[in-house]
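One chain is shown next in structure tokens, namely the form predicted alone.
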């Protein structure tokens, strides 16, 4: 998914669409910014690192709340951001967090938002998290946000409120759907598909791009983080967020 996101960053004009959200979900962005800032307890003395900063929809607004911020992503995304007005306290780095070496001073806050499920396996997700923890100061906080939970989604979709919500959401999405969103969706549907394990695959080789967590996998992630000597807490998302009913957040405090 890392390479595919880079391609979207180069070819899709709309910042929200380029990170695989819908035009309708753009209205939720202020709520996302506020919730991330609240959960990480951001303040003017913080040094923040965002892994997978995408088109900067969170990075740039959050840079107004902290002392300094570093955003890391595919060069296709970072080159796009470098063409935007950037705050003096914002540093942009291109590269793959899993594969590349970054020389960074430790920070006291880290954000990984709607990213961790874009790994090929749980083992790879654990490597990603472990490397992020190495860049976090003791006592620092890390938010792994917007984790798709297949079990939570199933419970919601089969409830009365879930069925009514989905019907209304589909109607509202169609109202705001743009030509660029339609073209993006057509492209993605042509190059990706879901397999029996509910993983998203890409191309003829069916390379795994992402997978959905389950209740058990989220519990395993919390246990993994705690066994490394840290604290980890499962937090609900506010229902005003794009996937507030079906996704989870993990807050980590480094030991």
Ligand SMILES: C[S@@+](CC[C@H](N)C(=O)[O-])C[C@H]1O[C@@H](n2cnc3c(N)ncnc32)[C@H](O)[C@@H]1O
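Residue numbers count along the first chain shown, from 1. Predicted model only: the values in this text are computed from it and were never measured.
Same protein, other form: the form predicted together with the named molecule, not shown, and the subject of what follows.
- For the options 40, 225, 32, 66, the residue carrying a heavy atom within 4.5 angstroms of the named molecule in the predicted complex is 32.
- 77 is the sole member of 147, 129, 110, 77 with a non-hydrogen atom lying within 4.5 angstroms of the named molecule in the predicted complex.
- The named molecule is not drawn, but in the predicted complex it has no heavy atom within 4.5 Å of residue 162.
- In the predicted complex, residue 53 approaches the named molecule with a heavy atom inside 4.5 Å.
- Remark: residue 57 counts among the residues lining the named molecule in the predicted complex, judged by a heavy atom distance of 4.5 Å or less.
- Although the partner is absent from this view, residue 87 stays clear of the named molecule in the predicted complex, with no non-hydrogen atom inside 4.5 angstroms.
- Here the chain stands alone, but in the predicted complex its contact with the named molecule, taken as any heavy atom within 4.5 Å, falls in 96-104 among 79-87, 96-104, 148-156, 180-188.
- For the stretch 219-251, the set of residues having any non-hydrogen atom within 4.5 angstroms of the named molecule in the predicted complex is empty.
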